[in-house]
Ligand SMILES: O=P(O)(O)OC[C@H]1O[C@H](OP(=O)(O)OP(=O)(O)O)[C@H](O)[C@@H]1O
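Let's start with one chain on its own, the form predicted on its own, as structure tokens.
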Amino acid sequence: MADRVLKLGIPAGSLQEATAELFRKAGYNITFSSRSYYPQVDDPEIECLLIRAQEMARYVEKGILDAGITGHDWVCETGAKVTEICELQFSKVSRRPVRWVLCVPNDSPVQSVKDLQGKRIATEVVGLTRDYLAKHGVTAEIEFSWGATEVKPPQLADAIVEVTETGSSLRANNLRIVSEVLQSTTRFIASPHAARDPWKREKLDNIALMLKSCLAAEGKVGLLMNVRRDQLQEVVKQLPALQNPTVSSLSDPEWVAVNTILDESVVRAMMPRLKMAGATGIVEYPISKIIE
């Protein structure tokens, strides 16, 4: 084992595989065993522990873990004092933020949060819900929901505060959104002590750099092509590059190589235009990381 080790929390449950995949793309191979809460990682300076995202911030705050991956919502819910290393916009379904929303049955008379005065609300995020109601001057009975929150209205609760990414589960249970309580994305957090430790902070910043570089590269590809110098301007006009494309001289002084990065979704429309503008030998190649 290395002389110094960073204790890293990996979220168990819905974010587990997405987190492991992101780390794999970043160069850290994390493997899980069905009988162990200690995933293996091919970095002797990292020790992983599987822990629920809901609990992550508490253990990081106390320094039991040096760092962890969890949602901004759970940091807010627990009120944990942690240092945010970076935001990582990924989730179990997409890169969109998840939303905690206040919902009622479609046929409920409730039209705004004010209509829930004195009502009963079921949720997993009691603290967030209480704070949200207080901001609107509403007092209601808030009860913790252990799961299957969508099925509780109207018999067991007048309303719920539930997380959604696509809204499909809410629609399937005949619920409509009254208001949004919070938007949340995944965060890489550290304990204040770890963030102040020079070795751990450098390790954390390096991990964050690699994770963000993978997210920045999602949906991007590289294009490499050869262009005659007298046609270069026309070819470059076709390229919606992140920055100006790289133009390199070739052994033949009348030709240059053009290298650029663009959204994969536009390649099929871009290639024919590039060819018509004079580009030849067009090669598309995958991009795994982008560091700006």
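Quantities reported herein were computed from a predicted structural model and do not represent experimental measurements. Counting begins at 1, following the sequence as shown.
In what follows, reference is made to the form predicted together with the ligand, a form of this protein that is not presented.
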Taking 4.5 angstroms as the heavy atom distance cut-off, pick the stretch from 157 to 165, 190 to 198, 134 to 142, 215 to 223 that is near the ligand in the predicted bound form. 157 to 165
With the partner left out here, check for me: in the predicted bound form, does some heavy atom of residue 150 sit within 4.5 Å of the ligand? yes
Report whether the minimum heavy atom distance between residue 117 and the ligand in the predicted bound form is within 4.5 Å. no
Distance check, residue 169 to the ligand in the predicted bound form, heavy atom within 4.5 Å: yes
Any chance residue 280 has a heavy atom within 4.5 Å of the ligand in the predicted bound form? no
